[in-house]
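Single chain ahead, by itself, as structure tokens, in the form predicted on its own.
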Amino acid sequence: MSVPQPLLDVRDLRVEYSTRRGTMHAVDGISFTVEKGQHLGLIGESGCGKTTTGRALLRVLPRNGRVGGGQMFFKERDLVTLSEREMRALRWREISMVPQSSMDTLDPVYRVGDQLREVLTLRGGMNNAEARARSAELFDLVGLASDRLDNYPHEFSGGMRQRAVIAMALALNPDLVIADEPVTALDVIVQHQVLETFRDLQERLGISVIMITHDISVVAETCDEIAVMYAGKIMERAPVRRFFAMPFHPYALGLQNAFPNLARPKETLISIEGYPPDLVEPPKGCRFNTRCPFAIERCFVEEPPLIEVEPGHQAACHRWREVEQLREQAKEAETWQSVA
């Protein structure tokens, strides 16, 4: 009996940008899978390669960017080798995206419904009557009243505009939606409403989502699995509950310490000192070594592989066997200040 293949299987993906200073290795050999109906959270600081990964999957990189190596199998087709014509046929229909600053995606001089129907007619091949009916259906799906289809974007609140963009991403029933910082510009209450929409879509439609965010709470609320990126590499990957209960990589420990915990409101947040490295000249060894309070000599000369440290849980750290001791030390602010 054949083993079912994942919806998306990324293998050793490398993405590069040409700059005046040289080649920037924005994504440097990452591998991960996404199953049908799974929500994967891709987290990390700005500049760690999250958005570049999402754009590479759709092959919509800037002019100075290119896929430098690896494979991206979607439904067992390698997206790297598809022609541009084949990719145009795949976008919206099979893979769609909710981009960063998506509230600014809507054209201010066209009615929201007209913009949605344009996707349905030009990309989906529907006639006007079919597109109008589908638009109403999509608005209902994301929690918007269909009588708002004739409104202009400025007549929508921020949360409503975000929902409208999500409706556009869902217009042609894609199997995979890449959501890039979908709630960053929204207030807390509206963030919750939008995230509820994503959870509802998972339950009702079974769509797969890659949730790209720097906000660890978004992943905790909406995702099944998490992949932590830093400086173009995946440092840790695990089921969400296991990740929050038992993180292994020091960077993951730092991210959790730096985020507010309502269960312990009196504790002071602990920041990760320093900045990510220059990816034009990435450091030897572990990419996190200059900011890691637990780095040893080996960390500066030998890159740790991403290995399975527990069933279904991967981490890339030479000291993963000592993690219980490191977790306790990571709770102290002095530990992280020592590398300042």
Ligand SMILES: Nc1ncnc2c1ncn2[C@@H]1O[C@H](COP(=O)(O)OP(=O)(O)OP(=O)(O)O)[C@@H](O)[C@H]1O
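Each residue number is its position in the shown sequence, starting from 1. Remember, it's a predicted structure, so these values are computed and weren't measured experimentally.
The form predicted in complex with the ligand exists for this protein as well; it is not shown, and the discussion that follows is about that form.
Open item on the list: Quick check on this chain: which one of Leu57, Ala26, Ile30, Leu40 has a heavy atom within 4.5 Å of the ligand in the predicted complex?
Closed with: Answer to the contact question: Ala26.
TODO: Tell me the stretch among 307-315, 30-38, 47-55, 66-74 that has any heavy atom within 4.5 angstroms of the ligand in the predicted complex.
DONE: Only one stretch passes the 4.5 Å heavy-atom test: 47-55.
Task: the ligand contact at Pro62 in the predicted complex, heavy atom, 4.5 Å - done: Judged by the heavy-atom cut-off of 4.5 Å, Pro62 is in contact with the ligand in the predicted complex.
Task: Any non-hydrogen atom of Gln325 within 4.5 angstroms of the ligand in the predicted complex - done: Answer no; every heavy atom of Gln325 is more than 4.5 Å from the ligand in the predicted complex.
- [ ] Please check if Glu181 has a heavy atom lying within 4.5 Å of any heavy atom of the ligand in the predicted complex.
- [x] Glu181: yes, in contact with the ligand in the predicted complex.
Task: Partner proximity in the predicted complex: Gln100 to the ligand, non-hydrogen atom cutoff 4.5 Å - done: Yes, contact at 4.5 Å.
TODO: Could you run down 119-147 and flag each residue that has a heavy atom within 4.5 Å of the ligand in the predicted complex?
DONE: Going through 119-147 in order - heavy atoms within 4.5 Å of the ligand in the predicted complex - there are no hits.
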